[in-house]
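What follows is a single chain, given as structure tokens, in the form predicted alone.
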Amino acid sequence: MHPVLSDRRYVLVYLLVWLLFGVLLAGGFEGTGERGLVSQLVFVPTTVAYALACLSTWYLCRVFPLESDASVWRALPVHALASALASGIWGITVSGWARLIDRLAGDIGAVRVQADRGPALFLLGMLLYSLATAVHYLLIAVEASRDAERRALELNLAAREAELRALRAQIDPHFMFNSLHSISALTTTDPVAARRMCLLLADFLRDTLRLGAHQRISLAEEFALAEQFLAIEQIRFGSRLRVERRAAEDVGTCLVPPLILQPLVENAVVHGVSQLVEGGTIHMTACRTTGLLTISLENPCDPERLRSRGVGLGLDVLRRRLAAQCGIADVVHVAEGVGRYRVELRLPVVTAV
């Protein structure tokens, strides 16, 4: 649809601009006085009518887009011919309108006003039509830019969803296999613990599906998911796995992408605590500074452990996912000391409106 005709407000503004131009045009031809009033009567209505005719250039601009030098040279003669025809029709319209005014008002000089400005009116009409053509090409460029932005946003959203699916595809099977094996082992040694683990696993999977469907969830909900995961793992590891969480009061309502902590807590358990005979404590902290939310997770690790590619792959998937969603490349920071492994997420602060 024509961009001007798509909204009544646009139509009103468009006609007001041309009406003002018609007033200036008539005043420029004849100035003030009685002859100036006649000029206004002749040129203002016909200029507004010409404004409606100039809307037709939109369709020519759509048929002859300026995509290359060759297309420009094809469009130029078409628009030149169209501007000449439109200006000629405008001149005929002005002439007929002037004759009608003299006939109805008793020869007040409208025809003479129009006849004196005939050649200038034709050139001016071509200029106005060409200006309208340029404006319509600009509107087409703006529309194309908006379409490109919309497509880029759709692709970005699709990429985020793909990253989330890839993250789940990597984490969920591994976690599920471990949990099911643990449940199978517990059914003979500790049926009560096996039943509790089944219930926790069901709650965790239900909450994961529910919250994972959102683009962002509160940090409090994200921490709750991580703690559900760790509660299941604590049944497997018992007192060897301990968890401490410290979070400032103002961070719970901050919004974060869902399931960003799960790969971190799983790495902390699988590649950290589980490889230590005495186990260890996983520390989760969160704080908020001006415009920045910092979430960190630290766990003990065996300095002499065998390096597994799974840790780096999970962090790399998370890093790419957060970079796509937050628009910041430097989001995930990893540091390893003697017997300690720390991952820190630095996200822009987003809160619910």
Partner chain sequence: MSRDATAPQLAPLRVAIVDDEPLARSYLRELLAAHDDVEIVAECANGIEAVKACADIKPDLLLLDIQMPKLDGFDVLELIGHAVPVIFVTAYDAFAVRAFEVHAVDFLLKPFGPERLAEALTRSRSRLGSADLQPVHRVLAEVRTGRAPLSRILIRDRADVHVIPVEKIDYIESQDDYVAVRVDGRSLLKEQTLSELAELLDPNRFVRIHRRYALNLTRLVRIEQSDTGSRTATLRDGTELPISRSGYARLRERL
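This structure is a prediction, so every number in the text was calculated from the model and none was measured. Positions refer to the first chain, counted from 1.
Separately, the form predicted together with its partner chain exists; it is not shown, and the next lines address it.
Visitor: Counting non-hydrogen atoms within 4.5 angstroms of its partner chain in the predicted complex, say which of L276, L139, A248, A220 makes the cut.
Guide: Looking at L276, L139, A248, A220 one by one, just L276 meets the 4.5 Å heavy-atom criterion.
Visitor: Of L131, A231, A82, L180, which residue is found within 4.5 angstroms of its partner chain in the predicted complex when only non-hydrogen atoms are counted?
Guide: Spelling it out, the residue with a heavy atom inside the cut-off is L180.
Visitor: Name the stretch: of 183 to 191, 74 to 82, 207 to 215, 123 to 131, exactly one has residues whose heavy atoms fall within 4.5 Å of its partner chain in the predicted complex.
Guide: Going through the listed ranges, the match is 183 to 191.
Visitor: May I ask you to check whether E304 falls inside a 4.5 Å heavy atom distance of its partner chain in the predicted complex?
Guide: Because a heavy atom of E304 falls inside 4.5 Å of its partner chain in the predicted complex, the answer is yes.
Visitor: With heavy atoms only and a cut-off of 4.5 Å, decide whether I235 touches its partner chain in the predicted complex.
Guide: Yes, I235 sits close enough to its partner chain in the predicted complex that at least one of its heavy atoms falls within 4.5 Å.
Visitor: State yes or no: in the predicted complex, is some non-hydrogen atom of R195 no more than 4.5 angstroms from a non-hydrogen atom of its partner chain?
Guide: Residue-level check for R195: no, no contact with its partner chain.
Visitor: So in the predicted complex, is its partner chain close enough to R112 to count as touching (4.5 Å, heavy atoms)?
Guide: Taking the distances in the predicted complex, the answer for R112 is no, it never comes within 4.5 Å of its partner chain.
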